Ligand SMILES: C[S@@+](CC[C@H](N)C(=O)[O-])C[C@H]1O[C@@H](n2cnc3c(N)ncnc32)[C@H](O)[C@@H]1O
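The data below hold one chain only, encoded as structure tokens and taken in the form predicted alone.
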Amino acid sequence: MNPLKAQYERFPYPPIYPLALPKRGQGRSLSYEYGLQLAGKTEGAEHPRLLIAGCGTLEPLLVAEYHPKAVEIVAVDLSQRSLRQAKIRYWFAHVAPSRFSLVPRRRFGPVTFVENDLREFRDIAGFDYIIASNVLHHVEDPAGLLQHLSSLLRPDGLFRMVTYPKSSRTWMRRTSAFLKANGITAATPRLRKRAFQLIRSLPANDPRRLTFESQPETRTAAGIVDAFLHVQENPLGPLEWAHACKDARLELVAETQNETSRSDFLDEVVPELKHLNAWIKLQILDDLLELCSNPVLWLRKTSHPSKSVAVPEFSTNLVGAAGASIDVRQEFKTNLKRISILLEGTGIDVQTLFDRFKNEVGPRVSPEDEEIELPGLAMTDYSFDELMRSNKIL
């Protein structure tokens, strides 16, 4: 069996009880109408056709809630077990309207469930709107899958993509490497207990321990597998996504991730960089480890290629090189060198940028209590001079 399929057959995701129904408004951010507003469009398809790429156990119902006029919602996943749970939830929302969290007897859009690998999925009719949440970074060729999915999108259609950042996940990768090096796998008996025991053998202020203990996914074994033990994690950096979107004829029109992880957050901290392209701003934030939430990118299908954005010559090997065997300071130095190239001609140097974030943004804090700092997770917790004196660039 395909290792990716095998993982999700054993650990359907998200790991939510099949009869649990969503909270009020939970699916609003997935709506086609919301996307049209973000794209500055006054009208779109009256009866849109939607694709949920890698739908998991929850998104089909969330999307169906907010698209009662859809002609069809196609929900594709390679996991039979995940689809089964999604079908149960969708059915239960229909038969138990009094328990549903929104308006009783609300009409849902029609969902067609399809078990298939997205790379092999074909469709002739096309879609007005495609949703791909935390899917593209779980294949060997994310750019290729983006281009394939874009080929299914109708002209001027919308594409909502959620993806992992690349550089900003360094402590997630290092924590993953630590777990795996000490024998923790998806097949480990009493996985959650064993993983916590191992993590708590680290000093209380070790960044890997802080990363693991502050991660909400550690509440379940399925969450630990998805976040730290996944069989395939291959995120692209923002400028790599810029090239992939250009090739797929997709134009970035909006971002809806956490405000402090959006490209315009860089404008707030360093107003002198407002003129930069959004992709370049995202790359700078990622290399500073400041993309603290997964980018939520809204894209529009265009009839012509979008403007190209140059990628620094040595930017593509970072994820492959980062890991337990590479000193984190060497990795950070590589990031800073890449940023310095992106800042050329702006009048701002990389140390000025570093100092602004150090003074105005500061350290990471616990997602559950902002009074609790998590030292060592932010690049600016380290000395700029010491980072730049590291032995080599990756």
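On a predicted model such as this, the values are computed, not experimentally measured, just so you know. Numbering starts at 1 and runs along the sequence shown.
Below, we turn to the form predicted in complex with the named molecule, even though it does not appear here.
Asker: Looking at 137 to 145, 296 to 304, 262 to 270, 249 to 257, which stretch has residues with any non-hydrogen atom within 4.5 Å of the named molecule in the predicted bound form?
Answerer: Contact criterion met by 137 to 145 only.
Asker: S168, S82, T175, T163: which sits within 4.5 Å of the named molecule in the predicted bound form by any heavy atom?
Answerer: Only one listed residue qualifies here, and that residue is S82.
Asker: Just to confirm, with a 4.5 Å cut-off on non-hydrogen atoms, which of I130, L118, L179, A222 contacts the named molecule in the predicted bound form?
Answerer: Among I130, L118, L179, A222, a heavy atom within 4.5 Å of the named molecule in the predicted bound form occurs only for L118.
Asker: My question is simply whether M388 lines the interface with the named molecule in the predicted bound form - judged by any non-hydrogen atom within 4.5 Å.
Answerer: No, M388 is distant from the partner.
Asker: Find out whether any non-hydrogen atom of L51 is located within 4.5 angstroms of the named molecule in the predicted bound form, and reply yes or no.
Answerer: Looking in the predicted bound form, residue contacts with the named molecule do not include L51, since no heavy atom lies within 4.5 Å.
Asker: Quick one: is G35 in contact with the named molecule in the predicted bound form, heavy atoms, 4.5 Å cut-off?
Answerer: Because no heavy atom of G35 falls inside 4.5 Å of the named molecule in the predicted bound form, the answer is no.
Asker: Does the named molecule come within 4.5 Å of any heavy atom of D77 in the predicted bound form?
Answerer: The answer is yes: D77 has a heavy atom within 4.5 Å of the named molecule.
Asker: Using a 4.5 Å cut-off on any heavy atom, which residues of 1 to 29 would contact the named molecule in the predicted bound form?
Answerer: Going through 1 to 29 in order - heavy atoms within 4.5 Å of the named molecule in the predicted bound form - the hits are L4, Y8, Y13, P14.
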